[in-house]
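Take a look at this single chain, the form predicted alone, given in structure tokens.
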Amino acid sequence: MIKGIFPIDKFETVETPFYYYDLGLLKQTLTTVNLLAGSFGYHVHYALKANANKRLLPLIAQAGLGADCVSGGEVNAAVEAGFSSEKIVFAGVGKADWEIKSGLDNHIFSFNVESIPELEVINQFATEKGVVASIALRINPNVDAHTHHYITTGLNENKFGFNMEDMEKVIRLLPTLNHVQLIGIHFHIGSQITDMVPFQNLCVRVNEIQDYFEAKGVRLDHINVGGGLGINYEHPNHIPLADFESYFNVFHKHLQLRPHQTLHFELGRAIVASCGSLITKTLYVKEGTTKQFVIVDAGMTDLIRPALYQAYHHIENISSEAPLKQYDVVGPICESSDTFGTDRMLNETKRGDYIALRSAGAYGEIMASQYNLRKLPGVYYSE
């Protein structure tokens, strides 16, 4: 446990709960990503859906990463934060008309297209604007990511993307659409993947799909393998960075890029998760029949991942050095699922102690709500 990374003396002057971002760790992560991806000439786009904090986005843009967006709002936020339009990719199974038009107006790098109707609508709007839209076809490789079923996205049964049996029709259709240009193919198999085998399996499948397109005489300049790289939620102090080295090496070793092709990634969680913590204060310590409950002032409205995905976050009492005791850590929301962790070992806790929910920089602040008419959590930074 490393309590020194949290300036508790400053915490006492602000209202809890709040998100606390370690900008030094974020910068270290970005440096590592650029070094490792750059050694292979790979292109990394940051997935804004993980965290669109207005202080973090410019830092990521300044590091030279592109942006992976799944809404028109994210496209606008990326442009405002300084991301180059030429590095913005726009995915999403249900792009609204105004979102497509916004992407066209911003001259983004690529629309990751997920259905024939979407392809036709993009062509229609591009025709009206007198432009040509660059598109990549999002294909389901039918690779099992072996992760939570809510965050598995690359199987035939998922709502996302094209299945390979659609490709004959798509290849026949594309020459009739004069205002779209196929520049590549796109994949994304899921999220929070720490075993490299699914990524290796993805490479094998992409190689097969590449052969299919080449046999049809279709040139693909860009391959986008999405993201999904997970982090170590159990040991944030000892393993603060995702295993970027193994991740990029898998694709270097197993993906058969053609000499003219570039490889693109869409990383979100692996970039920002570790740098964020949700800081909350203990309201009460309640003695149950067989359990003790630490009741904190943060709830599932501030960090929904444990309630939604049964996700694990390392929990620390950053106010105490007392001996460890076992607690359930719960919030104040009127829902039984408002539980952050059961049977957790914390330094003996009392009212007023600060509790840190670690590795909350991804899908934390961005998913906060005002259910129960609660205020949104505050935000503070290490600098």
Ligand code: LLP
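Quick caveat, the model's predicted, so the values are computed rather than measured. Residue indices: 1-based, along the sequence shown.
Only in words, not in the display: the form predicted together with the named molecule, which the text now covers.
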Closest heavy atom of K49 to the named molecule in the predicted bound form, within 4.5 Å or not?
yes
Wondering, does G268 line up within 4.5 Å of the named molecule in the predicted bound form on heavy atoms?
yes
How about Y19: is it within 4.5 Å of the named molecule in the predicted bound form, going by heavy atoms?
no
Determine whether any heavy atom of M367 comes within 4.5 Å of a heavy atom of the named molecule in the predicted bound form, and answer yes or no.
yes
Go through 238-246, 116-124, 170-178, 184-192 and give me the stretch that gets within 4.5 Å of the named molecule in the predicted bound form, heavy atoms only.
184-192
Heavy atom within 4.5 Å of the named molecule in the predicted bound form, from candidates H222, R305, K281, R205, belongs to R305
Just one of A133, C275, L229, V75 has a heavy atom within 4.5 angstroms of the named molecule in the predicted bound form, so which one?
L229
Within 4.5 Å of the named molecule in the predicted bound form: residues from 58-95 (heavy atom criterion)
D68
